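Two versions of one and the same chain are coming, encoded as C-alpha coordinates; call them structure 1 and structure 2.
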Structure 1
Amino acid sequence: MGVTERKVREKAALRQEILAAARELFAKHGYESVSMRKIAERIEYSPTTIYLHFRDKGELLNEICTETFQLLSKKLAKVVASEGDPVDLLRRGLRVYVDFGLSHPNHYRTTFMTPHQHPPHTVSLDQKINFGTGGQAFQYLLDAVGRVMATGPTRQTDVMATSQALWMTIHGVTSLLITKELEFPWSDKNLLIDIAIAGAVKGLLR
(Lines of atoms letter the chains of each structure in order from A and count residues from 1; the text may use other names and numbers.)
(Lines give C-alpha, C1' and ligand atoms only; values in the text may rest on other atoms or scores of the structure.)
Protein backbone atom coordinates (compact mmCIF):
# COMPACT_ATOMS: atom_id res chain seq x y z
CA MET A 1 0.00 0.00 0.00
CA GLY A 2 2.17 2.85 -1.27
CA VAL A 3 -0.70 5.29 -1.08
CA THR A 4 -0.10 6.56 2.43
CA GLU A 5 3.57 6.87 1.64
CA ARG A 6 2.86 8.92 -1.41
CA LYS A 7 0.63 11.15 0.66
CA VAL A 8 3.29 11.60 3.27
CA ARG A 9 5.70 12.50 0.50
CA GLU A 10 3.29 14.99 -1.00
CA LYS A 11 2.63 16.58 2.36
CA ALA A 12 6.34 16.92 2.98
CA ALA A 13 6.78 18.36 -0.48
CA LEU A 14 4.22 21.08 0.15
CA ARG A 15 5.87 21.84 3.46
CA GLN A 16 9.13 22.32 1.62
CA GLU A 17 7.43 24.47 -0.96
CA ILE A 18 6.08 26.71 1.78
CA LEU A 19 9.49 26.93 3.39
CA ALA A 20 11.12 27.77 0.08
CA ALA A 21 8.66 30.57 -0.59
CA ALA A 22 8.98 31.94 2.92
CA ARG A 23 12.76 31.70 2.84
CA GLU A 24 12.96 33.66 -0.36
CA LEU A 25 10.44 36.31 0.64
CA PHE A 26 11.84 36.79 4.15
CA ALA A 27 15.34 37.11 2.77
CA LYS A 28 14.29 39.59 0.14
CA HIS A 29 11.80 41.77 1.98
CA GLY A 30 12.34 41.03 5.67
CA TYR A 31 10.14 39.15 8.08
CA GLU A 32 7.66 41.86 8.94
CA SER A 33 7.02 42.96 5.40
CA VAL A 34 6.02 39.48 4.33
CA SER A 35 2.46 38.43 5.13
CA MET A 36 1.09 34.93 5.30
CA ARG A 37 -1.18 35.89 2.45
CA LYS A 38 1.77 36.80 0.26
CA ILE A 39 3.51 33.53 0.96
CA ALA A 40 0.30 31.71 0.14
CA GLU A 41 -0.13 33.62 -3.08
CA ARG A 42 3.39 32.75 -4.12
CA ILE A 43 2.78 29.02 -3.77
CA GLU A 44 -0.75 29.31 -5.14
CA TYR A 45 -2.53 27.98 -2.07
CA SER A 46 -4.92 29.65 0.30
CA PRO A 47 -3.37 31.36 3.34
CA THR A 48 -4.87 28.94 5.80
CA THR A 49 -3.14 25.99 4.18
CA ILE A 50 0.11 27.20 5.70
CA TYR A 51 -1.40 26.70 9.12
CA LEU A 52 -1.82 23.00 8.38
CA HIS A 53 1.95 22.75 8.22
CA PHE A 54 3.15 25.39 10.66
CA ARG A 55 1.67 26.55 13.91
CA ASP A 56 2.07 30.24 13.08
CA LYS A 57 4.23 32.76 11.29
CA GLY A 58 6.84 32.61 14.01
CA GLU A 59 7.37 28.88 13.60
CA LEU A 60 7.87 29.38 9.90
CA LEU A 61 10.55 31.92 10.64
CA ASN A 62 12.16 29.74 13.23
CA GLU A 63 12.49 26.84 10.88
CA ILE A 64 14.24 29.04 8.36
CA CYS A 65 16.56 30.60 10.89
CA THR A 66 17.62 27.20 12.12
CA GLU A 67 18.42 26.16 8.57
CA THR A 68 20.38 29.30 7.93
CA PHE A 69 22.47 28.96 11.04
CA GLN A 70 23.32 25.40 10.28
CA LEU A 71 24.89 26.90 7.21
CA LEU A 72 26.89 29.26 9.42
CA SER A 73 27.99 26.32 11.51
CA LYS A 74 29.30 24.58 8.44
CA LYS A 75 31.36 27.60 7.48
CA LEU A 76 32.78 27.87 10.96
CA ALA A 77 33.56 24.16 10.99
CA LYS A 78 35.74 24.72 7.96
CA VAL A 79 37.68 27.42 9.73
CA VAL A 80 38.14 25.27 12.81
CA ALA A 81 39.38 22.42 10.69
CA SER A 82 41.91 24.58 8.88
CA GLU A 83 45.48 25.23 9.92
CA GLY A 84 46.89 28.21 11.75
CA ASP A 85 47.70 29.37 15.24
CA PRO A 86 44.78 29.66 17.66
CA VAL A 87 44.69 33.46 17.68
CA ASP A 88 44.58 33.63 13.92
CA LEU A 89 41.91 30.95 13.78
CA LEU A 90 39.81 32.92 16.25
CA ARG A 91 40.13 36.06 14.19
CA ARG A 92 39.16 34.24 11.01
CA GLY A 93 36.16 32.66 12.69
CA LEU A 94 34.93 36.02 13.88
CA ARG A 95 35.34 37.41 10.43
CA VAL A 96 33.33 34.56 8.94
CA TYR A 97 30.58 35.29 11.44
CA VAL A 98 30.38 38.95 10.50
CA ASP A 99 30.47 38.25 6.77
CA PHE A 100 27.76 35.66 7.17
CA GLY A 101 25.52 38.08 9.01
CA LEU A 102 26.04 40.76 6.40
CA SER A 103 25.14 38.43 3.57
CA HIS A 104 22.01 37.15 5.32
CA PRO A 105 20.84 40.39 6.91
CA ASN A 106 17.20 39.47 7.21
CA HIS A 107 17.87 36.13 8.78
CA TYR A 108 20.42 37.67 11.07
CA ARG A 109 18.05 40.39 12.09
CA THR A 110 15.25 38.04 12.93
CA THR A 111 17.41 35.58 14.84
CA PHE A 112 19.59 37.93 16.83
CA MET A 113 18.01 41.33 16.68
CA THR A 114 14.39 40.72 17.48
CA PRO A 115 13.16 39.33 20.77
CA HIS A 116 11.66 35.88 20.26
CA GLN A 117 9.33 35.86 23.20
CA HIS A 118 8.44 32.18 22.86
CA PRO A 119 10.80 30.98 20.21
CA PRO A 120 10.31 27.42 19.01
CA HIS A 121 7.21 27.07 21.20
CA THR A 122 9.21 25.05 23.67
CA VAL A 123 11.52 27.21 25.74
CA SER A 124 13.02 24.00 27.01
CA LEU A 125 16.27 22.44 28.04
CA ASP A 126 17.46 22.37 24.48
CA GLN A 127 17.37 26.15 24.30
CA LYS A 128 19.30 26.64 27.49
CA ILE A 129 21.91 23.97 26.95
CA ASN A 130 22.52 24.64 23.29
CA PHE A 131 22.16 28.40 23.55
CA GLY A 132 19.33 28.60 21.08
CA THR A 133 19.50 28.69 17.35
CA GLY A 134 23.05 29.92 16.97
CA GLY A 135 24.17 27.50 19.66
CA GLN A 136 26.43 25.33 17.58
CA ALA A 137 28.19 28.39 16.27
CA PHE A 138 28.71 29.59 19.81
CA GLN A 139 30.28 26.26 20.69
CA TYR A 140 32.92 26.89 18.06
CA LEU A 141 33.63 30.24 19.64
CA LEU A 142 33.98 28.65 23.07
CA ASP A 143 36.43 26.13 21.66
CA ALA A 144 38.43 28.75 19.82
CA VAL A 145 38.72 30.94 22.89
CA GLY A 146 39.59 27.93 25.02
CA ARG A 147 42.40 27.05 22.67
CA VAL A 148 43.78 30.58 22.71
CA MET A 149 43.76 30.55 26.49
CA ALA A 150 45.49 27.19 26.55
CA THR A 151 48.24 28.45 24.31
CA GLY A 152 49.33 31.59 26.05
CA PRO A 153 48.48 33.94 28.89
CA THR A 154 45.34 36.02 28.54
CA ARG A 155 43.85 38.89 30.52
CA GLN A 156 40.82 36.85 31.45
CA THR A 157 40.65 33.21 32.38
CA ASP A 158 36.88 32.82 32.24
CA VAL A 159 36.31 31.13 28.89
CA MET A 160 32.57 31.47 28.99
CA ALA A 161 32.44 35.14 29.91
CA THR A 162 35.18 36.02 27.48
CA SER A 163 33.47 34.18 24.65
CA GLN A 164 30.23 35.93 25.40
CA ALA A 165 31.97 39.29 25.41
CA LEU A 166 33.57 38.46 22.08
CA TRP A 167 30.23 37.46 20.67
CA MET A 168 28.78 40.76 21.81
CA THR A 169 31.53 42.60 20.03
CA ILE A 170 31.09 40.95 16.66
CA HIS A 171 27.36 41.08 17.01
CA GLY A 172 27.69 44.83 17.39
CA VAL A 173 29.67 45.09 14.20
CA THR A 174 27.28 42.90 12.28
CA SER A 175 24.03 44.33 13.54
CA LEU A 176 24.97 47.96 13.34
CA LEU A 177 26.18 47.56 9.78
CA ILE A 178 22.90 45.85 8.95
CA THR A 179 20.53 48.38 10.49
CA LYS A 180 22.41 51.55 9.81
CA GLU A 181 24.01 50.61 6.54
CA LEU A 182 22.63 53.57 4.68
CA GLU A 183 21.79 55.97 7.46
CA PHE A 184 25.25 56.48 8.83
CA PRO A 185 28.37 57.72 7.00
CA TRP A 186 30.53 54.70 7.76
CA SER A 187 34.22 54.55 7.10
CA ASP A 188 35.31 51.67 4.91
CA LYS A 189 33.41 48.64 6.12
CA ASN A 190 36.27 46.21 5.81
CA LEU A 191 38.49 48.51 7.79
CA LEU A 192 35.89 48.82 10.51
CA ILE A 193 35.38 45.09 10.78
CA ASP A 194 39.13 44.57 10.93
CA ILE A 195 39.64 47.20 13.60
CA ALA A 196 36.85 45.81 15.72
CA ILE A 197 37.98 42.20 15.44
CA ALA A 198 41.68 42.93 15.79
CA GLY A 199 40.97 45.18 18.75
CA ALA A 200 38.77 42.66 20.49
CA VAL A 201 41.25 39.84 20.03
CA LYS A 202 44.17 42.05 21.03
CA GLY A 203 42.23 43.11 24.09
CA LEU A 204 41.78 39.49 25.00
CA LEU A 205 45.51 38.78 25.15
CA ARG A 206 47.66 39.92 28.00
Structure 2
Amino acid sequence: MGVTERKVREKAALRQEILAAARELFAKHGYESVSMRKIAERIEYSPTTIYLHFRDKGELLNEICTETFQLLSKKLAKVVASEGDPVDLLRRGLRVYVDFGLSHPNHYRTTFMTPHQHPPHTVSLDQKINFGTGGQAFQYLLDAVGRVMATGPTRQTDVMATSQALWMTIHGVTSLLITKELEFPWSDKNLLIDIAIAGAVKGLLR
Protein backbone atom coordinates (compact mmCIF):
# COMPACT_ATOMS: atom_id res chain seq x y z
CA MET A 1 0.00 0.00 0.00
CA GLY A 2 1.38 3.39 -1.00
CA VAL A 3 1.67 6.41 1.28
CA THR A 4 -1.16 8.25 -0.48
CA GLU A 5 -3.54 5.31 -0.31
CA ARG A 6 -2.75 4.76 3.37
CA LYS A 7 -3.48 8.42 4.15
CA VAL A 8 -6.80 8.21 2.31
CA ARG A 9 -7.80 5.14 4.32
CA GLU A 10 -6.72 6.71 7.60
CA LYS A 11 -8.72 9.84 6.80
CA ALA A 12 -11.81 7.75 5.96
CA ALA A 13 -11.39 5.69 9.14
CA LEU A 14 -11.14 8.82 11.30
CA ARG A 15 -14.20 10.28 9.60
CA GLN A 16 -16.18 7.14 10.47
CA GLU A 17 -14.88 7.26 14.04
CA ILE A 18 -16.10 10.83 14.38
CA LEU A 19 -19.52 9.90 12.97
CA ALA A 20 -19.84 6.91 15.32
CA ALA A 21 -19.01 9.06 18.34
CA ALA A 22 -21.46 11.77 17.25
CA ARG A 23 -24.24 9.21 16.69
CA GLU A 24 -23.76 7.77 20.16
CA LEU A 25 -23.65 11.14 21.89
CA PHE A 26 -26.58 12.62 19.94
CA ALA A 27 -28.67 9.53 20.71
CA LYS A 28 -27.77 9.51 24.40
CA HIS A 29 -27.73 13.20 25.28
CA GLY A 30 -29.66 14.90 22.49
CA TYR A 31 -28.37 16.98 19.61
CA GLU A 32 -28.57 20.34 21.40
CA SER A 33 -26.60 19.11 24.42
CA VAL A 34 -23.62 17.81 22.46
CA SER A 35 -20.81 20.09 21.35
CA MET A 36 -18.02 19.48 18.89
CA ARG A 37 -15.66 19.54 21.88
CA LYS A 38 -17.56 16.68 23.55
CA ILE A 39 -17.32 14.65 20.37
CA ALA A 40 -13.60 15.36 20.19
CA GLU A 41 -13.14 14.28 23.80
CA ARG A 42 -14.94 11.00 23.11
CA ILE A 43 -12.45 10.00 20.41
CA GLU A 44 -9.51 11.68 22.17
CA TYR A 45 -8.74 14.16 19.42
CA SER A 46 -8.68 17.94 19.42
CA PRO A 47 -11.77 19.82 18.18
CA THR A 48 -9.58 21.23 15.43
CA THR A 49 -9.18 17.73 14.00
CA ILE A 50 -12.94 17.30 13.73
CA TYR A 51 -13.30 20.65 11.98
CA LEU A 52 -10.92 19.36 9.31
CA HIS A 53 -13.58 16.76 8.42
CA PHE A 54 -16.88 18.51 9.24
CA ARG A 55 -17.74 22.19 9.02
CA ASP A 56 -19.98 22.17 12.11
CA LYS A 57 -22.33 20.05 14.19
CA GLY A 58 -25.12 20.48 11.66
CA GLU A 59 -23.03 18.94 8.91
CA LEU A 60 -22.26 16.01 11.21
CA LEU A 61 -25.97 15.47 11.83
CA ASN A 62 -26.79 15.67 8.13
CA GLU A 63 -24.11 13.10 7.36
CA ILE A 64 -25.52 10.72 9.98
CA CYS A 65 -29.03 11.12 8.54
CA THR A 66 -27.73 10.50 5.03
CA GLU A 67 -25.99 7.33 6.18
CA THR A 68 -29.16 6.17 7.96
CA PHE A 69 -31.35 6.60 4.90
CA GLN A 70 -28.80 4.91 2.66
CA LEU A 71 -28.67 1.86 4.91
CA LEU A 72 -32.45 1.73 5.24
CA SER A 73 -33.04 2.19 1.51
CA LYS A 74 -30.63 -0.65 0.74
CA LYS A 75 -32.67 -3.02 2.89
CA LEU A 76 -36.02 -1.84 1.54
CA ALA A 77 -34.76 -2.20 -2.04
CA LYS A 78 -34.48 -5.96 -1.51
CA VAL A 79 -38.17 -6.15 -0.62
CA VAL A 80 -39.14 -4.00 -3.60
CA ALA A 81 -37.17 -6.29 -5.91
CA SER A 82 -39.09 -9.33 -4.66
CA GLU A 83 -42.16 -10.77 -6.32
CA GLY A 84 -45.34 -11.57 -4.50
CA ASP A 85 -48.68 -10.31 -3.26
CA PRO A 86 -48.59 -6.49 -2.86
CA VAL A 87 -50.17 -6.69 0.60
CA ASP A 88 -47.58 -9.20 1.78
CA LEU A 89 -44.76 -7.10 0.34
CA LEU A 90 -46.11 -4.04 2.17
CA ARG A 91 -46.13 -5.97 5.45
CA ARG A 92 -42.59 -7.20 4.81
CA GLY A 93 -41.39 -3.69 4.06
CA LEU A 94 -42.88 -2.34 7.29
CA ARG A 95 -41.23 -5.17 9.21
CA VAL A 96 -37.87 -4.36 7.59
CA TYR A 97 -38.29 -0.77 8.77
CA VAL A 98 -38.90 -1.80 12.38
CA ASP A 99 -36.08 -4.33 12.36
CA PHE A 100 -33.72 -1.71 10.94
CA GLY A 101 -34.52 0.69 13.76
CA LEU A 102 -33.98 -1.97 16.42
CA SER A 103 -30.71 -3.10 14.82
CA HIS A 104 -29.41 0.48 14.45
CA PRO A 105 -30.81 2.29 17.50
CA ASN A 106 -28.29 5.15 17.47
CA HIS A 107 -28.89 5.77 13.76
CA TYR A 108 -32.65 5.69 14.36
CA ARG A 109 -32.66 7.86 17.47
CA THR A 110 -30.49 10.50 15.84
CA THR A 111 -32.38 10.59 12.53
CA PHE A 112 -35.98 10.06 13.61
CA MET A 113 -36.11 10.91 17.31
CA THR A 114 -33.88 13.99 17.51
CA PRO A 115 -35.49 17.39 16.84
CA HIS A 116 -33.64 19.16 14.04
CA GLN A 117 -34.40 21.03 10.87
CA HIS A 118 -35.00 19.12 7.66
CA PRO A 119 -34.52 20.46 4.15
CA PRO A 120 -37.76 21.57 2.43
CA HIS A 121 -39.45 18.82 0.46
CA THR A 122 -41.50 18.80 -2.68
CA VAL A 123 -44.10 16.39 -3.99
CA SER A 124 -44.98 16.23 -7.66
CA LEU A 125 -48.37 15.39 -9.11
CA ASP A 126 -47.40 11.75 -9.68
CA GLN A 127 -46.68 11.35 -5.95
CA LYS A 128 -42.89 11.31 -6.41
CA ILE A 129 -41.37 12.83 -3.31
CA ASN A 130 -38.06 14.58 -2.85
CA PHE A 131 -36.84 15.62 0.59
CA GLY A 132 -33.16 14.93 0.73
CA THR A 133 -31.75 11.48 1.28
CA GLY A 134 -34.94 10.28 2.96
CA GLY A 135 -36.84 10.58 -0.29
CA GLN A 136 -35.91 7.17 -1.64
CA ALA A 137 -36.82 5.35 1.57
CA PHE A 138 -40.22 7.00 1.73
CA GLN A 139 -40.75 6.47 -1.99
CA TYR A 140 -40.56 2.72 -1.40
CA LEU A 141 -43.48 3.04 1.01
CA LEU A 142 -45.44 5.21 -1.42
CA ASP A 143 -44.90 2.68 -4.21
CA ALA A 144 -45.89 -0.24 -1.97
CA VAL A 145 -49.12 1.45 -0.88
CA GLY A 146 -49.84 2.45 -4.46
CA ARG A 147 -49.51 -1.15 -5.64
CA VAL A 148 -51.91 -2.34 -2.94
CA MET A 149 -54.48 0.26 -3.99
CA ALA A 150 -54.03 -0.66 -7.66
CA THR A 151 -54.90 -4.32 -7.03
CA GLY A 152 -58.47 -3.63 -5.98
CA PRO A 153 -60.81 -1.50 -3.84
CA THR A 154 -59.29 -0.34 -0.58
CA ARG A 155 -60.61 1.47 2.46
CA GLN A 156 -58.32 4.41 1.70
CA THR A 157 -57.66 6.11 -1.65
CA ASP A 158 -55.11 8.82 -0.80
CA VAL A 159 -51.69 7.23 -1.34
CA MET A 160 -49.72 10.04 0.30
CA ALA A 161 -51.88 10.39 3.41
CA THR A 162 -52.12 6.62 3.86
CA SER A 163 -48.36 6.19 3.52
CA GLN A 164 -47.72 8.93 6.06
CA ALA A 165 -50.22 7.39 8.49
CA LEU A 166 -48.56 3.97 8.14
CA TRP A 167 -45.16 5.54 8.75
CA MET A 168 -46.46 7.33 11.86
CA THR A 169 -47.80 4.05 13.22
CA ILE A 170 -44.67 2.05 12.55
CA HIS A 171 -42.44 4.83 13.85
CA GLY A 172 -44.38 4.73 17.11
CA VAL A 173 -43.79 0.99 17.42
CA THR A 174 -40.11 1.32 16.58
CA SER A 175 -39.36 4.23 18.89
CA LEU A 176 -41.16 2.65 21.84
CA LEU A 177 -39.31 -0.63 21.40
CA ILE A 178 -36.00 1.24 21.19
CA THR A 179 -36.60 3.17 24.40
CA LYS A 180 -38.73 0.83 26.52
CA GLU A 181 -38.12 3.22 29.37
CA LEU A 182 -41.58 2.85 30.89
CA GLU A 183 -42.05 0.32 33.66
CA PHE A 184 -44.58 -1.72 31.78
CA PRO A 185 -45.12 -5.48 31.35
CA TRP A 186 -44.26 -5.61 27.65
CA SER A 187 -45.41 -8.64 25.67
CA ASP A 188 -43.10 -10.51 23.29
CA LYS A 189 -41.39 -8.04 20.96
CA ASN A 190 -42.08 -9.95 17.75
CA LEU A 191 -45.71 -10.48 18.69
CA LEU A 192 -46.17 -6.76 19.30
CA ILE A 193 -44.57 -5.90 15.94
CA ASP A 194 -46.68 -8.43 14.04
CA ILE A 195 -49.93 -7.24 15.64
CA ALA A 196 -49.12 -3.58 15.01
CA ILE A 197 -48.25 -4.17 11.34
CA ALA A 198 -51.28 -6.39 10.76
CA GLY A 199 -53.58 -3.78 12.27
CA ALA A 200 -52.02 -0.94 10.30
CA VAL A 201 -52.30 -2.76 6.98
CA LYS A 202 -55.83 -3.97 7.74
CA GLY A 203 -56.90 -0.34 8.06
CA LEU A 204 -55.91 0.11 4.40
CA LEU A 205 -57.93 -2.84 3.12
CA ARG A 206 -61.67 -3.27 2.81
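Throughout, residue numbering runs from 1 along the sequence of structure 1. Whichever C-alpha set is largest while still superposing within 1.5 Å between the two forms counts as the rigid core. What you are looking at is a predicted structure, and each value in this text was computed from that prediction instead of being measured.
Subject >> Index of the chain form predicted together with the DNA, chosen from the pair >> reply: That would be structure 1.
**OP:** Give a yes or no answer as to whether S163 and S73 travel as part of the same rigid body between structure 1 and structure 2.
**Re:** Yes, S73 belongs to the same rigid part as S163 (C-alpha assigned to the better-fitting superposition).
Original post:
Considering the two rigid parts of the chain, by what angle in degrees does the smaller one turn between structure 1 and structure 2?
Top reply: After superposing the larger part, the smaller part appears rotated by 29 degrees.
**OP:** After aligning on the rigid core, report the distance the C-alpha of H29 travels between structure 1 and structure 2, in angstrom.
**Re:** Value for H29 between structure 1 and structure 2: 9.5 Å of C-alpha shift.
**OP:** For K38, tell me the Cα shift between structure 1 and structure 2 once the rigid core is superposed, in Å to one decimal.
**Re:** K38 C-alpha displacement between structure 1 and structure 2, core-aligned: 6.4 Å.
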